[in-house]
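Only one chain is given next, in structure tokens, and it is the form predicted on its own.
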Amino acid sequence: MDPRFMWETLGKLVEGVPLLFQLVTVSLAIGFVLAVLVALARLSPLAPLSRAAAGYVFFFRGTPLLVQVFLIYYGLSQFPEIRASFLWPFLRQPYWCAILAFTLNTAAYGSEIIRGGIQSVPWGQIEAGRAAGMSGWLLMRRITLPIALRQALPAYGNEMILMVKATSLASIITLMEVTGIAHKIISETYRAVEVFVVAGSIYLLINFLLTRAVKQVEWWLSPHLRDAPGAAVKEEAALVH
């Protein structure tokens, strides 16, 4: 391996990091809101709403993300109604097709994580909220969702990491993020191993920082753990490892 070539490659690949961050942040932000709505729909007593949400989750969890990207980018353009609609200026652009595919995919996985968090809320907490006069949306907003999101955060952190890695699929629809630039460099130099080692290191660093951020948020949302005896020692040990 040539360290000088790898350093030059790093400088070129870093140019794709802003696009990577855009794809991840926009998809996760919209996908999280959609995931909460789908999770609530899954738990709804209305059978049609619950079944529709279950069908959505089944499709997007049961098919590869690569296929979903192809269906949205190449498939939607086959319908004249889509090309004649107000959506076409967005759907003909690979950037928005990638955002749509990533958003729908992460929302499906995230909804199951959030649904599991909601169902794991201790019944005593809900009863305490009702005893305090809360009901309906107020109970959901002040008791159920905060506890559910805190419990679901570790699993949702894994979904965020998977989304960072999934952005590499955007390169197949001409988006020049890190992997797209890596393919371009390989086509010019035929030095695949060195280029992919550098690209993999970039993803590794991003996911390491993301993991640390999720752990800090989890620690901040768990005051009962911070105040427990020996919590500071345990947290310091966890950060070291």
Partner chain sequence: MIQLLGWGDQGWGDELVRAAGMTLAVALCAFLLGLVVGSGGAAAKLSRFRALQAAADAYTTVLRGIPELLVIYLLFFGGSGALMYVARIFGHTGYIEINAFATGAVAIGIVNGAYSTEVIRGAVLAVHPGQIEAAKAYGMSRSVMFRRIVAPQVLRYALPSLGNVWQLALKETALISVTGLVEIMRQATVGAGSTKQPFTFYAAACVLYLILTTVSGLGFARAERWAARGVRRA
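Residue numbers count along the first chain shown, from 1. What you see is a predicted model, and the numbers here were worked out from it, not measured in a lab.
What comes next is about the form predicted together with its partner chain, which is not displayed.
- Between 41 to 49, 22 to 30, 212 to 220, 196 to 204, the stretch whose residues reach within 4.5 angstroms of its partner chain in the predicted complex through a non-hydrogen atom is 196 to 204.
- Just one of 135, 78, 120, 85 comes within 4.5 Å of its partner chain in the predicted complex, counting any heavy atom, and that one is 78.
- In the predicted complex, its partner chain sits beyond 4.5 Å of every heavy atom of residue 53.
- Looking at residue 169, you'd find a heavy atom of it within 4.5 angstroms of its partner chain in the predicted complex.
- Its partner chain in the predicted complex comes within 4.5 Å of no heavy atom belonging to residue 155.
- Its partner chain in the predicted complex is approached by residue 74, whose closest heavy atom lies within 4.5 angstroms of it.
- Taking its partner chain as positioned in the predicted complex, the residues of 49 to 88 that bring a heavy atom within 4.5 Å of it are, in sequence order, 58, 59, 61, 62, 63, 64, 66, 67, 70, 71, 74, 75, 76, 77, 78, 79.
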